[in-house]
Ligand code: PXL
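Okay, here we've got a single chain as structure tokens, the form predicted alone, with questions on binding and movement later.
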Amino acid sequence: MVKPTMPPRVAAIQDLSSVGRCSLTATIPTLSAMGYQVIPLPTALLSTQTWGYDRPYFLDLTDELDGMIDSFAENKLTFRAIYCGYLASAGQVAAIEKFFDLFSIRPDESEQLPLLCLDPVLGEDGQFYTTCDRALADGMKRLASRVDVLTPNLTEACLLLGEEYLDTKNLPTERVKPYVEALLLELQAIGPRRVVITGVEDASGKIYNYGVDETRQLFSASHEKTATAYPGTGDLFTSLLLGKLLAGASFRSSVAFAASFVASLAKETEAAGTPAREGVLLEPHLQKLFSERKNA
């Protein structure tokens, strides 16, 4: 009989939106099915995600972060990865920097340094989300300088860099590709070893995820666009990407896997007629993630 081993821990620093399959309600089941123990550090509590629902209840947890972090430190928790997503305000950046300082260490020489991953949730379609601003973007840029993996969408890439946003939806791929690749290299110059700009649309009818790896090699993974857009797919993409990287897969293959998995869920969700505001139908596919891990 094989003795059970302790699942690697992943700290997930995100909001908890009770309804909508995004942030922690996407990350926890996904990474759990992939074999990781997710330790949540909630940055905000919401009754529902903010798109498609009336008057979501919102509780900013900034004042609670230091106490949670101190408790983790006092109990000598260690993490195989730290994944930071949505922050409720620029005031939370200092707490996340503290988290990085305390837990981005090697407890002993036999262990690996934690993998740091940042999904800098800031906006879309060239605009900040209503809860985000320039101060938060500047704070996210500071965090980006410290991480191993950065996963912005196109709007967030531009906001981090202070570059002009180009609406690519009606442009040919041959014009969009060099524009996005230039942004990738600018972002990598900030500090992250691996960067992927997610969900880039162009006139081809496909969605592209453009990446640059630790050797500065550029690549992309594409899939057909569905007519419906779903909230939370970026959180799911980054969770899948991180899970694959921690299992030893290359950055390029991890991006391709995450893109394909999210696309298949979006296609099934659209066929099922599920309201877009509920996010993609993740639960029926968790067994697939579990089975793939067991057969690896």
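The shown structure was predicted, so the numbers you read here are calculated from the model rather than taken from an experiment. Sequential numbering from 1, following the sequence displayed.
The following text describes the form predicted together with this ligand, which does not appear among the structures shown.
Visitor: Is V121 part of the interface with this ligand in the predicted complex - any heavy atom within 4.5 Å?
Guide: Yes, contact at 4.5 Å.
Visitor: Does at least one non-hydrogen atom of Q49 fall within 4.5 angstroms of this ligand in the predicted complex?
Guide: Yes - in the predicted complex, heavy atoms of Q49 and this ligand come within 4.5 Å of each other.
Visitor: For V280, is any heavy atom within 4.5 Å of this ligand in the predicted complex, or not?
Guide: Because no heavy atom of V280 falls inside 4.5 Å of this ligand in the predicted complex, the answer is no.
Visitor: Check V10 for me: does it contact this ligand in the predicted complex (non-hydrogen atoms, 4.5 angstroms)?
Guide: Although this ligand is absent here, V10 would stay clear of it in the predicted complex, with no heavy atoms inside 4.5 Å.
Visitor: Could you check which residue among F72, Y129, Y165, Y179 gets a heavy atom within 4.5 Å of this ligand in the predicted complex?
Guide: Only one listed residue qualifies here, and that residue is Y129.
Visitor: In terms of non-hydrogen atoms within 4.5 angstroms, which of the given stretches 231-239, 251-259, 64-72, 28-36 touches this ligand in the predicted complex?
Guide: Checking each option against the 4.5 Å cut-off leaves 231-239.
Visitor: For the heavy atom contacts within 4.5 Å of this ligand in the predicted complex, list the residues of 61-78 involved, in sequence order.
Guide: Read in sequence order, no residue approaches this ligand (within 4.5 Å, in the predicted complex).
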